[in-house]
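Before any questions on how it binds or moves, here is one chain, the form predicted alone, in C-alpha cells.
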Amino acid sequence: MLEIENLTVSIEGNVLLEDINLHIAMGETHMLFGENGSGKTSLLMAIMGIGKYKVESGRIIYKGEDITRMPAYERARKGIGIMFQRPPTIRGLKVEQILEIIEHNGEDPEKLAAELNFTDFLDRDLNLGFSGGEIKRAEILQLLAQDPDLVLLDEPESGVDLVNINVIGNAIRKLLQKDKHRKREKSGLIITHSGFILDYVEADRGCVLANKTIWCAGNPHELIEGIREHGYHECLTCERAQEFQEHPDDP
C-alpha cells in the first residue's frame, strides 16, 4: 500500500525528517509514536503532499506508483485520506456541502452523520464553534464519505472525552475494516502521543520517530508500555533501537 524510501523532508530550509523508511502492506495498520515536535505530523503532511513540506530526497510510493511530486488533490483522488490534528475553520461551507463534494462510496451523508451522532451539525459551517471532540467527529465523517484506501490519522484521541473517543474509535475501526478478519483492503498510519487509541483500534506494528527518523519498530503494545514506563529518552539507548538501526528491514 505505502512504501517510503530514504525520505528527507524540509520546510523553509530546515530539515524535519531524515532518511525515513516505512512500509505498510495492504490491510495493515501502523502506529507512529513520538514526542511532541518529533516530526510525526510533518511525515503525514509529506505523504499527503500538503503545504510547504519539501521532499529533498527519497520517494513516496503508493500502490506501486511514485507520488513524491504529485499534488495533494491527486493523492486524495487516488485514495489517500487524512485527519488533521488542527483542521481549519471554513466559514460559508456547510458540513453537508463538504460531504457532498468528497462523497465517494455512495452512502447517504445523513446516515453517516447519524453513526457519529452528528446530524445536528450538517447545516453548520465547517468547524465553526466546534469543540475538540466535535472537530474530530467532523474529520472522521469526511473520511467515511471519502472512503480512502490509505487512512492517515493525526492524534485522533487528542482533546477528546471518553464518550467521543468511543464513537471515534468505532468509526476508525469501520474505516480500516477491523470488523473483517480476511481480505482487508484498507491500510492506516495513526499518529499517537499517548497510545490511548490502541484501546479501540488494533495495530499490526508500531514505530518510534526520534532524531528525525524512524528509530525503532515492533509490537505497538510493547513499545507504548516501554514509553509509558521509561519515557521517550530511553528509546534512544535501548538495545531494540540499536538492532533496528542496524537491520531496519527485519520483522
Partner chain sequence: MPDAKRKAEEAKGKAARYGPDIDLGQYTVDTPAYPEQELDKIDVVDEKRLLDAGVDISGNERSGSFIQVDSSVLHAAPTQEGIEVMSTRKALDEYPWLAEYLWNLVPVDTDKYTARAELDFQDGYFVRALPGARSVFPVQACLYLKAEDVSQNVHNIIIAEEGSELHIITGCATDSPESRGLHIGVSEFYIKKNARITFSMIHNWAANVAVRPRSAIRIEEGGVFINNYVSLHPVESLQLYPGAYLVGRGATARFNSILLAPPGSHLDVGSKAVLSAPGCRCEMIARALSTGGYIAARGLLVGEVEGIKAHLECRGMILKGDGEIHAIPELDGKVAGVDMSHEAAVGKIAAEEVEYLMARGLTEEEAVSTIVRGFMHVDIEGLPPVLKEQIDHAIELSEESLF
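Residue numbers count along the first chain shown, from 1. Fair warning: this is a prediction, and the values are worked out from it, not measured in the lab.
There is another form of the same protein, the form predicted in complex with the partner chain; it is not shown, and what comes next is about it.
Put simply, of A145, V160, V95, I82 only one has a heavy atom within 4.5 Å of the partner chain in the predicted bound form, and it is I82. Though the partner chain is absent from this view, in the predicted bound form it lies within 4.5 Å of a heavy atom of just one residue from L122, L116, A72, I165, which is A72. Residues with any non-hydrogen atom within 4.5 angstroms of the partner chain in the predicted bound form fall in just one of 186-194, 44-52, 203-211, 27-35: 44-52. Proximity of K111 to the partner chain in the predicted bound form: non-hydrogen atoms within 4.5 Å are absent; the residue sits far from the partner. Using a 4.5 Å cutoff between non-hydrogen atoms, E139 counts as a contact of the partner chain in the predicted bound form.
Although the partner is absent here, P87 sits close enough that one of its heavy atoms falls within 4.5 Å of the partner chain in the predicted bound form. Using a 4.5 angstroms threshold between heavy atoms, V151 stays clear of the partner chain in the predicted bound form.
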